[in-house]
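Heads up, the chain below is alone and in the form predicted on its own; it's given as structure tokens.
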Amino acid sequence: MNNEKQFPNLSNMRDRIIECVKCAFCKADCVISKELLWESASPRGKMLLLRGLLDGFGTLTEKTIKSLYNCTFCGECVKDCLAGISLEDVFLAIRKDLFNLSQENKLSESAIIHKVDMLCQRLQENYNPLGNLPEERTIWELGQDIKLPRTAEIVYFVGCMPAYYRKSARTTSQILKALNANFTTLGSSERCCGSLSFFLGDEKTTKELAHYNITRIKESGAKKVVTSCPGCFSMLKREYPKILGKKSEFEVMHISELLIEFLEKDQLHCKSELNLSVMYHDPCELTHFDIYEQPRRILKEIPGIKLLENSENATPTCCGGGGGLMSLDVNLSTKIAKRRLETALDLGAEALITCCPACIAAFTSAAMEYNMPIKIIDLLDLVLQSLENKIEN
């Protein structure tokens, strides 16, 4: 029995699925495979499951559905694939089909699908996946000396986690102010970038969020959009043009790239000595844009910072929080994060540094769960502490 009508998005990927040579190279750097050790959890195993679904000799059991959502979309399997298959596109396709089936009430007994529906419903109702009210999005501004213009050269797109967990948003804003950047934010008009709905297969919600945010950014007159969240960065820079079918009218930058611009203009002066041995963790969605050296260069500008590297850093390892995994299976996400923290401790690092709110959440959860003696610090916090004429948090 052929199931292509039931899985239209996946059926468009049939050629790519058939091209899989089952070599298992994709398992080498897969954090899910390393943690679970199941064949069905590996990228190769998922490809076999998907071939079975299309050809009618596989069924959508809860175990199958769980395997298909056990993916962080770190992209390492794509780099390792001998056949050159865009595995991420294949895995996104089945998630779109699963989401559509859930909307037709055909997967109502699945616990995983129930979580997916709940997260996407939050996005549809409150414009964020955290369950917070939209009007709470600008609470981070309270107590801050912020008088931002309506239009500016730069829009700081805050993102959900920085906005609602507040510290990251405040730190980024303080750094931009200290550097005299001509910036503003979308304030209460900002909505989620749609990264989570994108990875969970909800195309309609993702497109609505993309169209709305792009419209608000255009109204700001910005030439640059800066994010402190790699997920927002990836959506705005790569996915929005695809989703909306047109090129962006503004440049999209991660904050680390903007800081390098200020550094090269001799406008970023890190003076205060911090005296800390650290390992830097590369957020997956920054590595997809070859943003490796910028954060490290910033770290090296901070007096007293000792940056520790090892061979494993040459192959970035996911924190376990991407692709919606932290929302769907926090236990698995935390176990993956623990492995990365163990690497930092083995190096002798006092702190793990990164520049991604999701990575920080995953690592903080792991450090607390397993009582690991290491600090988890946002790169931007170090920059703010070390800036000339330091601003207090």
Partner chain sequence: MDVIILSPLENVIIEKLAEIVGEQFISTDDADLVSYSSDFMIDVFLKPDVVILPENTPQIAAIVKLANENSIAITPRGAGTATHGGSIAQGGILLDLTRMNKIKELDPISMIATVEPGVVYEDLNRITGKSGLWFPIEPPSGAVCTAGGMVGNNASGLMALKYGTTKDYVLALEVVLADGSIIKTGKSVLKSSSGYDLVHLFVGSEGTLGIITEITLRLIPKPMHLSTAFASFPSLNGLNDAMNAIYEIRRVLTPAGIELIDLQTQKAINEVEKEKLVPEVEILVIFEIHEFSAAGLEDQKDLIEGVARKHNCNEIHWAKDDEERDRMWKARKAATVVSVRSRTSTLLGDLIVPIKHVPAIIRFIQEVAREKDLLISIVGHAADGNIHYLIPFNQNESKKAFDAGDAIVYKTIELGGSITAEHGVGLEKIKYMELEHGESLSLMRAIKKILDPKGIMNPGKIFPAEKQ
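Numbering follows the first chain given and starts at 1. Source: prediction; values computed, not measured.
Another form, the form predicted together with its partner chain, is not on view; read the next lines as being about it.
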| message | Suppose contact means a heavy atom within 4.5 Å; in the predicted bound form, does that hold for all of A24, A28 and T59 with its partner chain? | response | yes
| query | Is the gap between E342 and its partner chain in the predicted bound form 4.5 Å or less for some heavy atom pair? | reply | no
| field | Exercise: L82 in contact with its partner chain in the predicted bound form, heavy atom 4.5 Å | value | yes
| said: Under a 4.5 Å heavy atom criterion, is L54 part of the interface with its partner chain in the predicted bound form? | reply: no
| message | How about T64 - does it come within 4.5 Å of its partner chain in the predicted bound form, if we only consider non-hydrogen atoms? | response | yes
| remark: TL;DR on 224 to 232, 83 to 91, 263 to 271, 298 to 306: the one with heavy atoms within 4.5 Å of its partner chain in the predicted bound form is 83 to 91
| field | A361, A367, L48, L328 - the one with a heavy atom within 4.5 Å of its partner chain in the predicted bound form | value | L48
